[in-house]
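Only one chain is included here, represented as structure tokens and corresponding to the form predicted on its own.
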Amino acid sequence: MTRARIFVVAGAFILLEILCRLGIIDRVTMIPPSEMLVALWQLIAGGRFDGDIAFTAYNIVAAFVLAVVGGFVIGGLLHASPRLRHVVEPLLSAYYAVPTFVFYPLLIVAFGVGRAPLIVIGAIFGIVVMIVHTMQGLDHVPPAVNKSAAMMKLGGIRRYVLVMVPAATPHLVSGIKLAVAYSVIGVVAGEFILATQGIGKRISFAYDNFDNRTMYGLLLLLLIVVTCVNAGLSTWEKRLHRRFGLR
């Protein structure tokens, strides 16, 4: 995270702290950020939500892996099939305009109540952005790389895995970074709806009961974890762009 971003985030926290302490923002609506930090520490130290945190973490990791692997494979297949790509690509562009959660009842019928539908809906959220970035990354592979693969007489899967993918890595990392965010959104939002446990369920329960300390503590936990993961991936992405001479 750059210094400018750190100053923006710190400034926003300070401003919210002042507005909450002065009563400009009602405590029923939001508690001061300092109290959110205290609430988060108490939640972690108390261990009351360890099971829910582990449940959500497992679901997010599983959804993320499915989204990345599935997007990587499908993106590669579409890149290798221009005609199919011409048909599918407009649908991918409009994908996030579709209210994906309308499929949640069907997922419950197919997989039952539990982890499976949450993981699937998280993967559904993240897979399309990975497909798009995989195709874009393969599109930007320099012609010289393809010629080198031809000279080495690499065909099919070996050419794709050993030559094309490494050359497309900077764009793939961009897709991975977004897939993390979308997978978190899909899983946590799914837990809001019908899950019996998980961070999303606890946030929803706390909201319904006006338990702002628990609600904002868990929200802050999600925000911190996703921000740290995103910052790490962004650093990796920048290094790859510098290494490959990209802007």
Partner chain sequence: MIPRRLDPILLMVAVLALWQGLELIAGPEVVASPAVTIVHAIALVQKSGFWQDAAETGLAFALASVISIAGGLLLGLWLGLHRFAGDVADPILGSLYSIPKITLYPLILLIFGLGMSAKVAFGVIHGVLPIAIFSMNAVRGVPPIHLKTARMLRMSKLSIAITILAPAALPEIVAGIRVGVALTLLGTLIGELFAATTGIGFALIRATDVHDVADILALTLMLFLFAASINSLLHFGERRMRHER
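Just so it is clear, the model here is predicted, and its values are computed rather than measured. Residue numbers count along the first chain shown, from 1. The term rigid core refers to the maximal set of C-alpha atoms that superpose within 1.5 Å between the two forms.
Keep in mind the form predicted together with its partner chain is missing from the figure; the text below concerns it.
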Selected contact from A54, I44, V69, M30, since only one has a non-hydrogen atom within 4.5 angstroms of its partner chain in the predicted bound form: M30
Heavy atom within 4.5 Å of its partner chain in the predicted bound form - residue from A80, V73, V113, A110: A110
is_contact(F64, its partner chain) in the predicted bound form, heavy atom dist at most 4.5 Å: no
is_contact(S93, its partner chain) in the predicted bound form, heavy atom dist at most 4.5 Å: yes
Proximity of V188 to its partner chain in the predicted bound form, heavy atoms at 4.5 Å: yes
Close approach of L40 to its partner chain in the predicted bound form, 4.5 Å, heavy atom: no
In the predicted bound form, residues of 180-199 near its partner chain [heavy atom within 4.5 Å]: A181, V184, I185, V188, A189, F192, I193
Core-superposed C-alpha of V9 shifting 2 Å or more between this form and the one not shown: yes
